[in-house]
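In what follows, one protein chain appears twice in different forms, each by itself as structure tokens: structure 1 and structure 2.
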Structure 1
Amino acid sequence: MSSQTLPEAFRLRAGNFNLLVLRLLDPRPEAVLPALGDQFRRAPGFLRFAPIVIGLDDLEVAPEAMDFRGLVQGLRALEIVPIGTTGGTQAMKQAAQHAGLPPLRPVGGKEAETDLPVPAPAAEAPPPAPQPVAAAPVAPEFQGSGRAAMLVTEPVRSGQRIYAQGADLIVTATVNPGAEVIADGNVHVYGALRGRAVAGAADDATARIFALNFDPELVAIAGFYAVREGLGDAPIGRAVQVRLEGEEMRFAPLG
């Protein structure tokens, strides 16, 4: 059978992803989940459907004592998607794997114990979650930021505050006056940006802000900010990208 005549159905590529790690300090789901739930109530929308890796390094219990299934169910109920584990003893990893959490290897990190290849979990794989490939077997074609992104599809309303920690933030609705969107990476607003936008919150001066309709109360990158009054020359109401050049904020029309 000649492969040239068939349309390509898929391509395999390596990808690096920046993921949040939930380091378990307490093995009991009943202790971890309410605390997490509490934190998310204070920042609604934060981490919604975010893929998360469970860090096992700080656990000092027997693997049999860990209720991974309960933990996974609890996290899903909080709309957090656990996709694997990092660290931990071999036995602990295996226990997690039985609950559908494969071990991930951090980029550049070498595993303390060299693992024998563990058979992939068969039928009980978790429902489709983005599968990160931790180490790139081939050289990547271009150098990305390596950041994950958080997606928000509902309008961000006055008084709401969304923080994409360690990630880019993509908002496909409007950011209303009195709302605040913050990302450690870039902020993209595919709607009107009428509230505040903060990019590079973890001091990344290369982060940028993009907005389809640029009409903000304040923009900030890596601690440098401009309030609306200082945006006299910026192309208000147009598609704009904001970046930092030295200590100067630059506003350029897009498209």
Structure 2
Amino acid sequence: MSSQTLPEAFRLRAGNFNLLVLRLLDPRPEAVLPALGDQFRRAPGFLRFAPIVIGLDDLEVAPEAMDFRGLVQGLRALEIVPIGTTGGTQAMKQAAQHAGLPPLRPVGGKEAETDLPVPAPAAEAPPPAPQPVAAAPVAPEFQGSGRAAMLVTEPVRSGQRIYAQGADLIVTATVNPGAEVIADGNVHVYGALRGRAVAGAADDATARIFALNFDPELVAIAGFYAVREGLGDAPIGRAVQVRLEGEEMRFAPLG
């Protein structure tokens, strides 16, 4: 009998992803969920279908006092996708794991890198996360002004999220509503910025956002953000530069 080698069907590899951490300060879902829903209703789609990690380090409660299953259900109702936990006691991690939230452990000292989690069996399997949307075509990185940059030459569609890790991001087309562009450095949009732009994602408070047609859903620099309704006297529809001054966001015309 001849043996036949089956073709390789898959490979498991650790990856490096930029994940948001929701640090719980109150253990009650009935306190967290309305506040979270109210905050992001002001920025429609900001966390829509975003994978998020639940931070437990700030909680000092007994594990049985945590309603992880209610928290998971509530987050999914807000179209946020909880994928695991970080921090907390061993008992708290086990309680979260039974609700379908495996513990995530940093690898190599970088919070953005995690081991592949192996979830414990849960009484109720969590629904699958939405399939990621493919990013727009991106040109190879190039060097400019001492910092690498990522170049995107086609419109960023609703539902797309593009992240320039350790680099500036340059978009030569429109960032449509519901799209998100993120950079550890500056964000340049040589078109209409109608979606969300996040600069200084690695806590660089000197990063800036530039847009030739400024009409965003949300802008953020180094964790400080402003939604559409909070842009004040920003020149909407004009060429704008956004920067931080202390903890205040400033909007200045370009040119």
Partner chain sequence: MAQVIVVTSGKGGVGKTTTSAAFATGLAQRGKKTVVIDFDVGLRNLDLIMGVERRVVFDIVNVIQGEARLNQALIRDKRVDTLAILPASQTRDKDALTREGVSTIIEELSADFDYILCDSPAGIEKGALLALYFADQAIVVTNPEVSSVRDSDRILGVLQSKSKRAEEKRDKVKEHLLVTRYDPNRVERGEMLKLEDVREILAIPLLGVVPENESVLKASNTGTPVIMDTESVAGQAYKDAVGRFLGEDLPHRFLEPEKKPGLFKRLFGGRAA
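Residue indices: 1-based, along structure 1. Predicted, not measured: the structure shown is a model, and the values here were computed from it. So that the term is clear: the rigid core is the largest set of C-alpha atoms that superpose within 1.5 Å between two forms.
Here the chain coming from the form predicted in complex with its partner chain is structure 1, while structure 2 comes from the other form.
The two forms, fitted on the rigid core, differ between structures 1 and 2 by less than 2 Å at the CA of Asn176. After superposing the rigid core, the Cα of Arg157 is displaced by less than 2 Å between structures 1 and 2. Once both forms are overlaid on the rigid core, the distance between the two CA positions of Val219 between structures 1 and 2 is under 2 angstroms. At Gly74, the distance the Cα travels between structures 1 and 2 is 41.9 Å after the core is superposed.
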